[in-house]
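Here are two versions of the same chain, shown separately as structure tokens and labelled structure 1 and structure 2.
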Structure 1
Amino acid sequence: MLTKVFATIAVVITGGLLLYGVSDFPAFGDPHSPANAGVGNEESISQYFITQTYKDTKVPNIVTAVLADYRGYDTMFETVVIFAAGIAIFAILRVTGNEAEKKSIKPPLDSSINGDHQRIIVGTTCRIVIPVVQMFALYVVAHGHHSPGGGFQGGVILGASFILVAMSEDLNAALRRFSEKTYLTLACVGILIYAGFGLMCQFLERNFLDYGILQKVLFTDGPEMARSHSMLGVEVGVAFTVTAIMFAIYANLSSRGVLKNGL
């Protein structure tokens, strides 16, 4: 009971502080706010992004430039949050040993004519659709800095393709293609790729995620193209992590942490 009281007090205090801070924000859609009108004679943030993004980065997609470059710190930690969510679900649900054997008991699949007929239709359709879905996912990642898309969107689509394998056959079939060791490794590699670009900038005596200096490593024509290529690199890292965590969450939730049979 005492714990609930302290928890309630903490929530009320935190909520009050947040509401107090919100009162200092400009009104929604206020044209005179710093984000829309700037301060004094300075150009506003939104105006700067619209007019200067392509000059700074050679990236026509303003959204991707903002996410992966101008506010790259925030996007990197968003990826870390996704990674942490997947690891938390893994830590809570994953079971092994005797307990896993007890939970993995499941009625056999329907071997009747109707059951086989349904599996043939679904399985054949998915075998046709899944490669197309995966190709589109890679396109969304690769062209995310030139057209709508990026690592988050492409990663979700790619992760969904492995979930589709699990739903059309069973979880074991999906795990043969994308094993637990593989998706956990891929999730970590994605974070390391993103952070690695930032560390390379520091090794070359520039700020973390200040991609322009990487022209020395990427052999690009100017710092602007270095920023463009680096954004593609970090988007690939994001896609790795999102793909792996998407499938990891499904695999553990659908099998109650046993990683057998699934839904």
Structure 2
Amino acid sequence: MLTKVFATIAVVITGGLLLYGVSDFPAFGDPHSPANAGVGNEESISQYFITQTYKDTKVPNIVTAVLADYRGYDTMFETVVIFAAGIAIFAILRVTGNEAEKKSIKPPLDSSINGDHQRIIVGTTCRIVIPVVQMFALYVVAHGHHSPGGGFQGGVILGASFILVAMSEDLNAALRRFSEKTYLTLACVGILIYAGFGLMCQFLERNFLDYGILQKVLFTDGPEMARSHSMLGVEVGVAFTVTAIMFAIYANLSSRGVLKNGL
């Protein structure tokens, strides 16, 4: 009972403080608010992004450009957060040493297809849908420059397709196709690709993640195209990590770290 009273007090205080702040906000949707158009006369950074992105990086999707190039350092740490989450879930759930629990697992239901209705209908639909979805996921990753999408979204959809495999038949089936060793390596490779791009810039005497200089390596005709291509490379790295980790988290959560037969 005490926690409920304490909760309401905390909520009332924070709420009041927030509303006190809200009263001072510019109108919702006002194009000339400080965030959109900056204070005083000089141009705000969001205006810079809108007007200069295409000139700098030849990427029509401004959000992907800002995500991968201007604030690429943030996105790298975002991938590190996902990677850390994956490894953390391994470390927490993987109680080693008690062989008893491992042996106590009963073998899974007969996975033959004629066994039960669920498996017949859902199995066939999934078998048709999953390849399409994986193709679509790769399209989303590759098409991050021109349409909404990019590393994260494509990675998740690819991961989701593997989860669909696990759900339509059985976790072991999915693990046979995408075993633990492979998705761990894939995750590490993903981040190494991302950081590798940054390091390559440093080897060519520029700051970390300064893609312009990579035109020497990628033989593009100008720094802008070099930026665009390296952004694609970085997005691919992110997609690797996100796919691997999403499936890793699902596999561990559903089978509580035993990786035998989960949901």
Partner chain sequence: MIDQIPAIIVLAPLFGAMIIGLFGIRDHRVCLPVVFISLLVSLGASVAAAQQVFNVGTINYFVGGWEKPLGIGIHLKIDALNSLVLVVIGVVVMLVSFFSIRRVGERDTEKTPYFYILYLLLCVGLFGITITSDAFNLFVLIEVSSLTSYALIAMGSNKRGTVAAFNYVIMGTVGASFYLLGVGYLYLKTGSLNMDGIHAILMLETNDANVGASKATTVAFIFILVGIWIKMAFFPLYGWLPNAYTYCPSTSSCILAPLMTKVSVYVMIRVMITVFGLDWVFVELGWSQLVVWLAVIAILAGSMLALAQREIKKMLCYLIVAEVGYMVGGAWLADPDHWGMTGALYHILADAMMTLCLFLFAGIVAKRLGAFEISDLQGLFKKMPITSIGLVIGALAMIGVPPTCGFFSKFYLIRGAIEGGHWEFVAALLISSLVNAVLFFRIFEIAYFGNKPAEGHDHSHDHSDDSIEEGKGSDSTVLGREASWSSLFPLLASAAIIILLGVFNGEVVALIRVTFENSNHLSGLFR
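Between two forms, the rigid core is defined as the largest C-alpha subset superposing within 1.5 Å. Just so it is clear, the structure is predicted and the values come from calculations on it, not from any experiment. Sequence positions of structure 1, starting at 1, serve as the residue numbers.
Visitor: If I had to pick the form predicted on its own out of these two, would it be 1 or 2?
Guide: It is structure 1; that copy is the form predicted on its own.
Visitor: Is Phe203 one of the residues whose C-alpha moves 2 Å or more between structures 1 and 2 after the core fit?
Guide: Superposed on the core, Phe203 moves its C-alpha less than 2 Å between structures 1 and 2.
Visitor: Does Phe28 show a Cα shift reaching 2 Å between structures 1 and 2 after rigid-core superposition?
Guide: Yes, its C-alpha moves 2 Å or more.
Visitor: How much does the C-alpha of Val12 move between structures 1 and 2, in Å, given a rigid core overlay?
Guide: It moves 16.7 Å at the C-alpha.
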